[in-house]
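First, one chain by itself: the form predicted alone, in C-alpha cells.
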Amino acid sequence: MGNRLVTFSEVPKLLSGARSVTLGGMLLENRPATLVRALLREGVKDLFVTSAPAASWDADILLATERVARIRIPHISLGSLGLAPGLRRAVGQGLTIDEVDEATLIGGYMAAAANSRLQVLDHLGRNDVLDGNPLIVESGGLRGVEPLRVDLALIHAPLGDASGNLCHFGSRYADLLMARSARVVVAQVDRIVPRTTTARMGISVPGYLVDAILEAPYGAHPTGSAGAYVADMDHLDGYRSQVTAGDVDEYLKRFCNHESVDAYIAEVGEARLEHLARLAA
C-alpha cells in the first residue's frame, strides 16, 4: 500500500468540488473538526450533508454558516448543552431536511457499501417518519432504502498509519460504512504511528478505503476523540452563545481561519487541550 499521508496545505484540493459530504463519528465523539474547518475555508456552498445518526458541532457549524442546502441526519445537538443553534437558524432559511430515522440512514449506507440497489429493512413498521416517506422504497414485495452515496467522507480516528489504516479506541460507529459509500475518503488522526502499531492494535478502517490521511493532533476538538481526550463543553457552550447571538463571523475568525494545526492549538491553548486529554485517561 502506498503512502497516503498529506500535509495541511494539501487538504483543500481534496475537498474542493464536493457537493455531498458525510461526517464520521457519533454525537460529541470523533468528529472530523479539522477537516470541517478546512471545508469552511474552501467556501463550498449548497452542500448535501449526512452523518452518523447523531451529529454535533461539525454539522452545525456548516449549517450556521449557510453552507448546507439539504441534510439527512436524524439528530444534531451539542449533547447536554441542548439543540444545535446553527440548525435552528437554518430551518427558517430554506434548508431541506430529509426525514429519516437511524434504520433508514444506516440502511442507505449499507446499500451503497454493498453496491446494491436496495437495502431491505425488516420490521420498519409504520410511523410519522416513515409513512409516505420518499426514501422508503417498495419493490417486489420488499421494503427498504436505496443507496446513500456521497462525494466525500470525512473521518476522524485517534491513530492511523501513513498507508491510511485507522485505529479507533472502541466503536468505529458508522465510519466503515461511510468509507465504503463515498467516492473520496479523507481521514484525520491525532497521531500517525507505524503500520506495525495499527496492525497490532487492530485496524478499524482499512487503508485501501482511505484516499488521504492527515495528522492533526487534537483534530476532533471541540468534540472529543474517544479514548484520547473528551469534548470541550466550555468551548461548545461559548460556540452556542455566539451563534445564538448572531456572532458566527466572530467565531469563524477566531477558531476556523488558521493556516496550520499548530496555530489552532495555540489559539485554544495547549494547557486546555492537555487537560481534556487527562480527563479521558
Partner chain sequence: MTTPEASVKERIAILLSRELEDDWVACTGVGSTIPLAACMLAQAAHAPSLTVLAGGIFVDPRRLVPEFCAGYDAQPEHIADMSDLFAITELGIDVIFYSGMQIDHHANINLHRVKMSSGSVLRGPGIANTSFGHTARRVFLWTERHDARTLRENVDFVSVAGHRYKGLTRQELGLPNQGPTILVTSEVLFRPDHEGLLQPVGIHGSADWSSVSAATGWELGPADVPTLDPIEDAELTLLRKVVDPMGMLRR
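Numbering follows the first chain given and starts at 1. From a predicted model like this one, the values you see are computed outputs, not experimental measurements.
The form predicted in complex with the partner chain exists for this protein as well; it is not shown, and the discussion that follows is about that form.
- With the partner omitted from this view, the residue of A231, A64, A216, I213 that lies near the partner chain in the model of the complex is A231 [heavy atom within 4.5 Å].
- This chain appears without its partner; in the model of the complex, the one residue of P194, G202, P134, G170 with a heavy atom within 4.5 Å of the partner chain is G170.
- Contact check at 4.5 Å (heavy atoms) against the partner chain in the model of the complex: all three of G79, L87 and D122 pass.
- Residue contact check for G224: one or more of its heavy atoms lie within 4.5 Å of the partner chain in the model of the complex.
- Residue contact check for P74: one or more of its heavy atoms lie within 4.5 Å of the partner chain in the model of the complex.
- Shown alone here, A280 lies within 4.5 Å of the partner chain in the model of the complex, counting heavy atoms only.
- Within this chain, E29 lines the site of the partner chain in the model of the complex, having a heavy atom no more than 4.5 Å away.
- Proximity to the partner chain in the model of the complex, taken as heavy atoms within 4.5 Å, picks out 171-179 from the listed stretches 154-162, 171-179, 184-192, 205-213.
- Looking at 83-106, the residues that come within 4.5 Å of the partner chain in the model of the complex, counting any heavy atom, are L83, L87, R88, V91, I97, E99, V100, D101, E102, A103, I106.
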